[in-house]
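Shown here is one chain on its own, the form predicted alone, set out as structure tokens.
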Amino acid sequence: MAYTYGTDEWEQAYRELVERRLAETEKPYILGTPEWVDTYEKLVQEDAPYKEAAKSWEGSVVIHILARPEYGLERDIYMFMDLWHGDCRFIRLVPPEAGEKGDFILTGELERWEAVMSGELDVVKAMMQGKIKLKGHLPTIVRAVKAATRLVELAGQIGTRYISQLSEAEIESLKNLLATSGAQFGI
């Protein structure tokens, strides 16, 4: 069944998917999967240093990972982060039309995001160098550099498995998950 993003049915079915994936999937989780996103959301919501660094932040941030079919990513991934004055209201995988409505959209190749999430690449420097494209007001992001840095540090605490390092069987499994969740949730 296909759900319409923004409805209670979508949210309930998405939460059920996340809970099922958390129960069935062994850690470490693969970057960009529902269970990885849920773990990230909880880390951000519970982190006092992030809350302090982001207390003046207003607006949503979208991490946009470009498609890489050779790694099972047939479509772009949009991870929508609803952030407001130190609170993380939610982080969800969302359909492209919702992702494109974010206040700040950071777009990059899979390898760039893997380097950012692993701490090998500073996200602000990556934006300044054009390695990650920003749609939104750059000075606002720069003023919130401590909050942005903390978000990346928290992502690094998840113990992530990176898509580019998966076996062929794991890529096929990821491809199936993304096809199914894409059909159901538009993500």
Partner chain sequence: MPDKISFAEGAEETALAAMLAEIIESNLENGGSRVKAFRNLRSAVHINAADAGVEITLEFKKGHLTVHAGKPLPPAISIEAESATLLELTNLKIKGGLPFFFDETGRGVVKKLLRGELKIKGLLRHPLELVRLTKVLSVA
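These numbers come from a predicted model, not from an experiment. Positions refer to the first chain, counted from 1.
Omitted from view is the form predicted together with its partner chain, to which the following refers.
Scanning Leu43, Leu66, Val152, Val124 against its partner chain in the predicted bound form with a 4.5 Å heavy atom cut-off leaves one residue, Val124. Heavy atoms within 4.5 Å of its partner chain in the predicted bound form belong, among the stretches 58 to 66, 34 to 42, 134 to 142, 155 to 163, to residues of 134 to 142. For the chain shown alone, Gly130 is a contact residue for its partner chain in the predicted bound form, at least one non-hydrogen atom being within 4.5 angstroms.
Under a 4.5 angstroms non-hydrogen atom cutoff, its partner chain in the predicted bound form lacks Lys51 among its neighbouring residues.
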